[in-house]
Ligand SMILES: Cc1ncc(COP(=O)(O)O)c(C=O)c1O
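Below, in structure tokens: the form predicted on its own, a single chain.
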């Protein structure tokens, strides 16, 4: 019997991160060189390496017996905890009734795009998950390229909005930003909010990396700047290293009573409610405690140390430009100065650059520019500096906190050897590219499979 797949599904491509994962698994099994048994240097996957906070783990164990369906918007204890969490950390006084819980912010953003009419404005570069959702829902969309500083201009936003005919426009704002690690400060958000009010732009503010802001005093939620027009999404994945828990939340704008009813209908239809034991476990993660404060302080400090090291090493490569991260565990590296050399080596796209770096002898995984909603010929890449043992490094940091610049460098060398070695391999790749004018991707592929 032949099954017919709906054309809408046929038109959707596999998400780039999953395609890369498949490629890496196949490469690992095919590489014949014995020294390659370690696999690869992992700069591609955006997952926090730290353990889930013990408070959250213990709460999950304690509530493993909770087998009943939860209320669609989330259990009251969790919505109350999230409300207090936002007031304590982000200075927002949010009624729990404005908070809806979902199975990760990725799903909640999809749900918001389902119910909101209008054209989507997507600043680029962007997290690789937004565009597939927009396309799947057949939404009209326009890219908003960022400037040289890798932030979009409020004036460019205004110019684009004036060209759009829809009564409502939807801006996806990711702050702190994946893939650049940059942070929009209060003044920048106020200028963006002014344009949004003027042009009737609704904002979906993805703030999943808020707690990773290195100087946390500088983070300001768009929900505080533009409360009447902003949906704020956040969750456990990045700040609590609990991506596998699949729990996120959305804060609705002020006075969006009618819209909440429509949203509840969608959630009830698609997944009824988030896992009840997970919701009870999340309460512990969002409650204010000394244990969670320490966890946030330590993890963001280690992210910053790793980010500064990665930034300085890549910036030292002649021709490479990188963003200097203020948050997250990413930066964007611009390798376009090597475009001519890459093209001579038959590497014409950022995807080919990614494939070349993962092959022997480099074994280095990155996410190329075409996966970040950039042009296929843009040789930029996201570098995620998280390839280390988070549990061990957390304890080592507590036992001996590095204070000086040299101590921080030594911390990285001692605690993240794969990050150090992977960055060396990126440098080696471009050194060899410059030296070998006969370099060819097919030749490299053949060397990978040779006995």
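What you are looking at is a predicted structure, and each value in this text was computed from that prediction instead of being measured. Residue numbers count along the first chain shown, from 1.
The form predicted together with the ligand is left out here; the points below concern that form.
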{"query": "Heavy atom of residue 106 within 4.5 Å of the ligand in the predicted complex", "finding": "yes"}
{"query": "is_contact(residue 174, the ligand) in the predicted complex, heavy atom dist at most 4.5 Å", "finding": "yes"}
{"query": "Partner contact for residue 121 in the predicted complex: the ligand, 4.5 angstroms, heavy atom", "finding": "no"}
{"query": "Distance check, residue 238 to the ligand in the predicted complex, heavy atom within 4.5 Å", "finding": "yes"}
{"query": "Of 379, 219, 127, 100, the one that lies within 4.5 Å of the ligand in the predicted complex (heavy atoms)", "finding": "127"}
{"query": "299, 322, 178, 371 - the one with a heavy atom within 4.5 Å of the ligand in the predicted complex", "finding": "178"}
{"query": "Stretch in contact in the predicted complex with the ligand, which is absent here, among 86-94, 362-370, 202-210, 303-311 (heavy atoms within 4.5 Å)", "finding": "202-210"}
{"query": "Sequence-ordered list of residues in 270-305 near the ligand in the predicted complex, where near means a heavy atom within 4.5 Å", "finding": "none"}
